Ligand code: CMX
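Just one chain is shown here, as structure tokens, and it is the form predicted alone.
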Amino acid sequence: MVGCGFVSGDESLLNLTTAHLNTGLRGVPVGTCRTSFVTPDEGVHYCGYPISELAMMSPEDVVFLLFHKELPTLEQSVDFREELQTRGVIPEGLEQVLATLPRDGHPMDWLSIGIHTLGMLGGQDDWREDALNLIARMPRLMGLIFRYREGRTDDIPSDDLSLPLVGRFTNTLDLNGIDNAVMNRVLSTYLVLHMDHGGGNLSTFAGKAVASGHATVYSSMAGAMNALSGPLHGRANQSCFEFVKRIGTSDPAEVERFVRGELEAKRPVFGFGHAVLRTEDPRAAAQFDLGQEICPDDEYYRTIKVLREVAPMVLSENPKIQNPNANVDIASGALLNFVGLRNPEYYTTFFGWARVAGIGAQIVDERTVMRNGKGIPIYRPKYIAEAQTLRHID
């Protein structure tokens, strides 16, 4: 399959009116994206490939796809993994910075500061080099964030650069009583499913906007992580698993009663709906398939299996809801919890780890490929002064 891009055929999107103001730019075209697009029926595609075809591939091969716009051959795959290994060495000084951070700070704040620190210690001021270096260094950064926040700073294993990206994280994490092979499989799937999602989601747009001012990849990515950390964006996956834990049962009648109670209380039903999709998110389906294989009897997996059937039935009773089906957040928390990652506060950092690849590839495209290599201009959307404001202008 070839072809990396998507152009909407809806020309009405170009006819801007005052109704488009103060709507968060929803539906307003601002550029093109070479790495991914989303369709109502098949969800996100990476460089033309539907995510359902990529879900079980290695993160390294999917990173290659996003940066090269084609899947690697076997030889290219081996070479790219070796390239990432050479880029993975963490510059000295990172751990000293992490040691100064407050342990009760949210992990996403740690991640943003960690990325900034990597840039200050080892940035090269080259879009592609810095983007790939950051991808290669994320596993160690992630593992160190866990270790330092949890006070487990003694006997941290050295970074084994011969391991795959996810293996380097679990090697650094070094949890007792954990099946690293199962954890690696869950995390590999999670990373692939979350790497990219078009060019207009908040974190991607924020990162590219910062880069348009020629800030570094590291500063741009830290800004993207800050955008991702909000409860209306990436932190929704943390909220989703906390929601699942509150249900406390897999009995269908009780789950339905819980969902109806949340709606009556005007609280959100997490893990359902999508701005573009009109069917169940294929990323959710892939995680349910994985869960059925590795943890069919897990209490939270049983709950989300029932929720997957019950919630759409209840939500579809509201004619205003266009898509009542499960989205990517519904299953991820149950799987992460099953493999031993039991603190939901960390879940958005895995989202951020994944999205570093997609945002990085898009930043490289916008800075070095678009407009025949000149790069797109600095982002500068126009704001209209309100009439009341205009009356006070002499």
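Being a predicted model, the structure only gives us computed values, none of them experimental. Residue positions are given as counts along the sequence shown, with the first one as 1.
Another form, the form predicted together with the ligand, is not on view; read the next lines as being about it.
Checklist line | Contact assignment for the ligand in the predicted bound form, among A285, L163, L315, I156, heavy atom within 4.5 Å | finding: Contact residue from the list: L315.
Check: Since exactly one of I294, L71, V269, L94 fits, which has a heavy atom within 4.5 Å of the ligand in the predicted bound form?
Finding: When the ligand is considered in the predicted bound form, the option within 4.5 Å is V269.
Note to self: in the predicted bound form, does L263 come within 4.5 Å of the ligand, counting heavy atoms only?
What the structure shows: Taking the distances in the predicted bound form, the answer for L263 is yes, it comes within 4.5 Å of the ligand.
Note to self: When the contact criterion is heavy atoms within 4.5 Å, does I321 count as touching the ligand in the predicted bound form?
What the structure shows: Yes.
Checklist line | Contact of R308 with the ligand in the predicted bound form (heavy atom, 4.5 Å) | finding: R308: no contact with the ligand in the predicted bound form.
Margin query: Would you classify L65 as touching the ligand in the predicted bound form, given a 4.5 Å non-hydrogen atom cut-off?
Written below: So L65 does not count as contacting the ligand.
Check: Can you pick the stretch from 221-229, 272-280, 179-187, 119-127 whose heavy atoms fall within 4.5 Å of the ligand in the predicted bound form?
Finding: Careful reading of the contacts points to 272-280.
Margin query: At 4.5 Å, heavy atom to heavy atom, what parts of 24-45 sit next to the ligand in the predicted bound form? List them in sequence order, or say none.
Written below: Result: R26 alone.
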